[in-house]
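One chain comes next, on its own, written as structure tokens: the form predicted on its own.
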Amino acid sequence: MSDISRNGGGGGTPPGRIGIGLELDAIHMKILEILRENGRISVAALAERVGISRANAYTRFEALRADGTIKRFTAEIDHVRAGLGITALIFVTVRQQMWKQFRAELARMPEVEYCAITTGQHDAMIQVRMADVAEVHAMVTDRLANIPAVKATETVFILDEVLRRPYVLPSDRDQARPSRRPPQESQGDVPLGKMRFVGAAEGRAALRKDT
């Protein structure tokens, strides 16, 4: 297939390639952008939106799956409607000799949605979703605090989730870059929220008038 390059004979993966050797191009990125909006889109509709043949869309889609770029498909749940209206971040300081125990205990907590090892003041950040504040308090004081590997915790409640994307792509940065516009000739009053740059000669002239 033209979308999947041959694996190199060397031991490592060539730069710019991942997994089985799939080189991501602009069409692959467009496919990922569309799947981010609708993971249940048909291959025919996907091909039409990308502007390629159905066979090409299917080949590229299967290559993305085989390569591991697309890991799995899942449903996005409204946690509030599901009865989990409270979201909290719990920052944990772990006893450095007991990381294995900490990981094992955390894996047995089904209410933990996400955990990451971090730098900074704390060692790990846990995200939990629960029905009310009392449940969060009970988890922190009765369960986390009783794990010998946990040295200290700090809990922060999330008031509003302003932005949450399923994933981001390198192409997102290119689309977000503003187009360059020619500078305006008018140097009059500047509307609120905008800036006006004054040339050096103009600024010195104004200073001489003030003195």
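Only a predicted model underlies this, so the values are computations on that prediction, with no experimental measurement involved. Quick note: we count residues from 1 along the sequence shown, nothing fancier.
This protein has a second form, the form predicted together with the DNA, left out of what is shown; the following refers to that one.
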{"query": "Which of 142 to 150, 162 to 170, 30 to 38, 55 to 63 sits within 4.5 Å of the DNA in the predicted bound form, heavy atom basis", "finding": "55 to 63"}
{"query": "Distance check, residue 156 to the DNA in the predicted bound form, heavy atom within 4.5 Å", "finding": "no"}
{"query": "Proximity of residue 69 to the DNA in the predicted bound form, heavy atoms at 4.5 Å", "finding": "no"}
{"query": "Those residues of 33 to 48 which, in the predicted bound form, come within 4.5 Å of the DNA by heavy atom", "finding": "42, 43, 44"}
